[in-house]
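Next up: a single chain in structure tokens, the form predicted alone.
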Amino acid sequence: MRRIAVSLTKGGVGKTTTAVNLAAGLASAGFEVLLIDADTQGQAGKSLGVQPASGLNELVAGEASLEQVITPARERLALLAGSKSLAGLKRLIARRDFGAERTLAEALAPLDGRYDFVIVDTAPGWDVLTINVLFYADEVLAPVSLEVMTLQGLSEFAQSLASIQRYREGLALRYVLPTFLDRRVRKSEEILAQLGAYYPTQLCQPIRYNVRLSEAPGYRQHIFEYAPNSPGAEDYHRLTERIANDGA
């Protein structure tokens, strides 16, 4: 079972868009997939039109079982939802005297072997919940919008990630995904080239700017449902194929 965190401390880079469409793409390819929303905004579930009454917070807090909180979202795609209640979960984790960083991993341990992929959407920022996700995941996919500030954000995130890797040798920044590529903007091409120089093996083919990607959540659909012939669907299909074929 591959556990992939979609994470970067900067917001507005397409984390939820990537998590939702990657999970949907893998499910459509025949894999059993669980999408976990570790963001207080709960946008992953909303994007798919699924808003269960309980989710990740209730599971970790011991208020509900796995069977009660995992919700079918599409064929072969299940959701463990996030919500504003995750703010309470952060406080619960912070109050633990020992092993706080492994709180999430302990709660999710019974999932081992149930799915082919677990995709975790994280909130922007660096807090106890993001740290918990990184102690659970084995691979990190970092979406990077092609802007100078995001490039700096990736560098800072990689440094923070290194502090986790000292305790989890198996955790790897496996994928760097450029997003919002607009080839009419020269700076985008320059930043893409810099990413290729810094991360030659991790760099994925970019996700082009495509308005259909921003429209799809409003219709409670992933991109393969909303606009299957769009550049956005083509790009996320390509990302899905790369990850599926990597076979970590």
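Quantities reported herein were computed from a predicted structural model and do not represent experimental measurements. All residue numbers refer to positions in the sequence shown, first residue = 1.
The form predicted in complex with a small molecule is left out here; the points below concern that form.
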{"property": "Non-hydrogen atom contact L48 with the small molecule in the predicted complex at 4.5 angstroms", "result": "no"}
{"property": "Non-hydrogen atom contact F31 with the small molecule in the predicted complex at 4.5 angstroms", "result": "no"}
{"property": "S214 within 4.5 Å of the small molecule in the predicted complex, heavy atoms", "result": "yes"}
{"property": "Contact test in the predicted complex: G12 vs the small molecule, heavy atoms, 4.5 Å", "result": "yes"}
{"property": "Which of 66-74, 53-61, 191-199, 204-212 lines the interface with the small molecule in the predicted complex (heavy atom within 4.5 Å)", "result": "204-212"}
